[in-house]
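First comes one chain, alone, set out as structure tokens in the form predicted on its own.
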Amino acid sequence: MQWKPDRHSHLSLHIQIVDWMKTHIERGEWTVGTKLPPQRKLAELLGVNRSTIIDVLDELKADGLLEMKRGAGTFVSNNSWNVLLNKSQPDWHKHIQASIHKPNYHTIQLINEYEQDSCIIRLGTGELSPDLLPTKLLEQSLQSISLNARDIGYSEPKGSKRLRIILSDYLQKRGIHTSPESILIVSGALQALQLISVGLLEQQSIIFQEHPSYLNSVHPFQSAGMQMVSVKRNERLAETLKAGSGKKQSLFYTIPTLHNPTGSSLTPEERKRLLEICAELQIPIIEDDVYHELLFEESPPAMKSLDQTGQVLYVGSVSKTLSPGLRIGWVVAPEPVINRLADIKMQTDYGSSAFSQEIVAHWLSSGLYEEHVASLRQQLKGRSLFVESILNENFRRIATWEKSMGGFYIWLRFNEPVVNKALFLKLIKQKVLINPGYIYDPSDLHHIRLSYAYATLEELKEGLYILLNNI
């Protein structure tokens, strides 16, 4: 909502806001059933007193354009005047409510909205700070990339052949031996999950996920009609999976290296055991490995490197290391699986950005990528130590945490269940944005996913101070 009334206009603020709202309704931008923001929120967005908003809403209610539903809020009314207007427009509210894709949690919608506010201190963002992105080097590298007409047209269904050949060589350093034909280039790791959800599984399939889980915050499988089952890493894992899968198709989603949101990693022994359990139960595994290059110490072997039967679908990306804006990731899987996913991808977006694929191919093949990642790890380690020093000084009496092993996050646990929606909203008013634990596990009122990767050091210090004063 970018519009604000003009305080220098000859028209009063009241009249300007009334006309603005009427225009939205007349144009069909606010259809029947559209819910307006709360009065205080409207006043804040439009930069006026709440009393002005109350007068405006009262006038529009009297005109029959708005209606109040007790305990629910203010909505565009379905009165006779609005019905005449609505004859020329579909009831989009009804279409939205009945759609297949599930809406995200309101908290996450607010996170996505407020992350665009440059005045907000982002304490939970899973993204590199602009200061950590190799902007100048990316710009300079463009001069080294030569393109021909085929390079900038539609790529092959599986993605740029050159990039897939380079990735085939690069992944050997991870212990993964695969041919270019068994690699699919995708528009980020999230697209990989979406393609898998609609291309390899039947509705009501079981998706096992570690507890807590990043999947609870994005819903690629939920919207495809899958059943999500959270499991914990313990000695009863095999029994849990066997009891949960039954006769339905099932799949196990894991982030074994620098898990999101907890930042933990499976040991080599735990990786081998999980692979053996799932192999025995014939449960395929999605290994989401987008953070492994950010480990401060040597990374354990990828589960895919231990896979001898094509059981593991391996997902990688440069979004967490090079640039999220490039939107380049990859899936490594048996060739029939890759062919299936490539076919669906061509039906949805006709291929990832050709320019982005050329950039990633150049960075991987030239050595620029590994040089950058080595530097990035050191910078992230310095940031993690900075945040941990603040936590040690100020939070030790009220919270616990594990020392970061790499990546972006510290899984901060408060001793009392204080991380609720009220705290989240209270902090927003003070220009601090957090990722509360309940977006990864609805019952979790103790945790915050604390990111040291995005905010500046000054912002991290100020944001943690504000957080401390609100606990």
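Numbering starts at 1 and runs along the sequence shown. All of these numbers come straight from a predicted model, not from anything done at the bench.
Below, we turn to the form predicted together with a small molecule, even though it does not appear here.
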Within a 4.5 Å heavy atom cut-off, is residue 262 in contact with the small molecule in the predicted complex?
-> no
Does residue 345 reach the small molecule in the predicted complex, with heavy atoms at most 4.5 Å apart?
-> no
Residue 244 within 4.5 Å of the small molecule in the predicted complex, heavy atoms = no
Taking the shortest heavy atom distance, is residue 320 within 4.5 Å of the small molecule in the predicted complex?
-> yes
Only hit among 363, 314, 221, 291 for heavy atom within 4.5 Å of the small molecule in the predicted complex is 291
Checking 200, 190, 368, 283 against the small molecule in the predicted complex, the residue with a non-hydrogen atom inside 4.5 angstroms turns out to be 190
Testing 181-189, 235-243, 381-389, 151-159 against the small molecule in the predicted complex with a 4.5 Å heavy atom criterion leaves exactly one stretch, namely 181-189
